[in-house]
Ligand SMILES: NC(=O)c1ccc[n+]([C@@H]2O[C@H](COP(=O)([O-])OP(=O)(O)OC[C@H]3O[C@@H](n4cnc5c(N)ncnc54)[C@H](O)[C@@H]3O)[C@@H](O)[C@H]2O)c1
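This document opens with one chain alone, in structure tokens, the form predicted on its own.
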Amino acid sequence: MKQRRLGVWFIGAKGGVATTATLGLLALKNRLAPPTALVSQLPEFADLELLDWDGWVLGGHEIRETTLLQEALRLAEAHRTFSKDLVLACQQELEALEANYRWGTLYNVGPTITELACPACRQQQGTAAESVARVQEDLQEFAQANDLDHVVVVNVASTEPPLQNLPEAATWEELQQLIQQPDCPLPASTLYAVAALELGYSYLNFTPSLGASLPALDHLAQLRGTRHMGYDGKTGETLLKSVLAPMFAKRNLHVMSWVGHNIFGNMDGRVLDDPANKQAKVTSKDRLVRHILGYAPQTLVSIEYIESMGDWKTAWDHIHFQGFLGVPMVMQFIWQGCDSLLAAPLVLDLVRFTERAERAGHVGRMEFLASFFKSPLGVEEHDFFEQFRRLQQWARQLAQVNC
């Protein structure tokens, strides 16, 4: 097929996940790394005619005073996320991308995230409506300057505090009126979603923040003929829960309690050290088990910021269950991995599949991407393998159309 030019716009563009995804993309482009951990490289997706890495152009919004190269070197040297040699091999390309970054919005992100922002970013803030307009101006400028066929906006920013009372706006018209109000309660993640979807661009929410979760945002996507999906990428402990919980259910083993303890020390961990921000993440991680089992065992999810852990996280889970004759048994597991390296390939996969959905004319929620999210919009099935079958079925249908 004719090579397209795809814009990928990261919200939180110089955070750990976006920086790792950016470096990973450059490594793939330059054949410096194998495509390990990329779902889109599996054989069942070979006939989809997915966009090659060479057609991607990167940009994004950031709130901190830093450069992409500085962040990549910090991840390499301080956190051992990847090698310094790989960063230096991509140095010129990382530096060239700086022209594509703009200051993000701090509207309703909460005090913990606001404290991370530099003075220059704080000076550019305004109302909700002004924030949407500024984001749209940045996106349109990016698309025009780089002659892009489409733009996928990906939220990989820090987790916002959850809204206590969600607005009741069910339609785009009602949400528009809400945005025009001086005291609009919507958070930045939703304003980014509005900005992207209203322009006809795709939106992916890899965070537990509100994003495009409101029905009014899906209505907007339908009106503009675009697509979205979220939320909260499923990368580690919750991924294992979505695999193990179906086993307990299908073997009729009664789970009495499931406790999960998580420790990590990156920027996300620092933000989640604030109880308000942490609540959104804990809620997202905790709901899955009861959905799969069909009942509610006692559960506890804890997330603690341990600075020395850096970008490496450890999750310890204790599962107390009843076997035959009511005998109590225990299963425990420890998950240890690099936070950014677990998330980054999934982000690249999501963008790749979203671009293919755009070419296929898909409109609205992309429910076939459920296996990538802890809380997939519009999907009640949380069994990982059942979710993955949706992706495989979507791929088969598209492949048949191409034949």
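All figures in this text were calculated on a predicted structure; none of them were measured in a lab. Start at 1 and count along the sequence shown; that's the residue number.
Below, we refer to the form predicted together with this ligand, which is not included among the displayed structures.
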### Query
Taking heavy atoms only, is residue 232 within 4.5 angstroms of this ligand in the predicted bound form?
yes
### Query
If you check in the predicted bound form, is residue 153 within 4.5 Å of this ligand, heavy atoms only?
no
### Task
Although this ligand is absent from this view, report whether residue 11 comes within 4.5 Å of it in the predicted bound form, heavy atoms only.
yes
### Message
When the contact criterion is heavy atoms within 4.5 Å, does residue 211 count as touching this ligand in the predicted bound form?
### Response
no
## Note on the structure
Partner-free chain; cross-checking this ligand in the predicted bound form, the single residue of 109, 94, 216, 289 with a heavy atom within 4.5 Å is 109
### Message
So this ligand isn't shown here. In the predicted bound form, which residue out of 26, 51, 343, 357 has a non-hydrogen atom within 4.5 Å of it?
### Response
343
### Summary
The stretch from 253 to 261, 158 to 166, 172 to 180, 240 to 248 that lies within 4.5 Å of this ligand in the predicted bound form, judged by heavy atoms, is 158 to 166
#### Entry: Output flag, 61, 207 and 374 jointly within 4.5 Å of this ligand in the predicted bound form, heavy atom basis
yes
### Message
If you apply a 4.5 angstroms heavy atom cut-off, which residues in 28 to 54 are near this ligand in the predicted bound form?
### Response
none
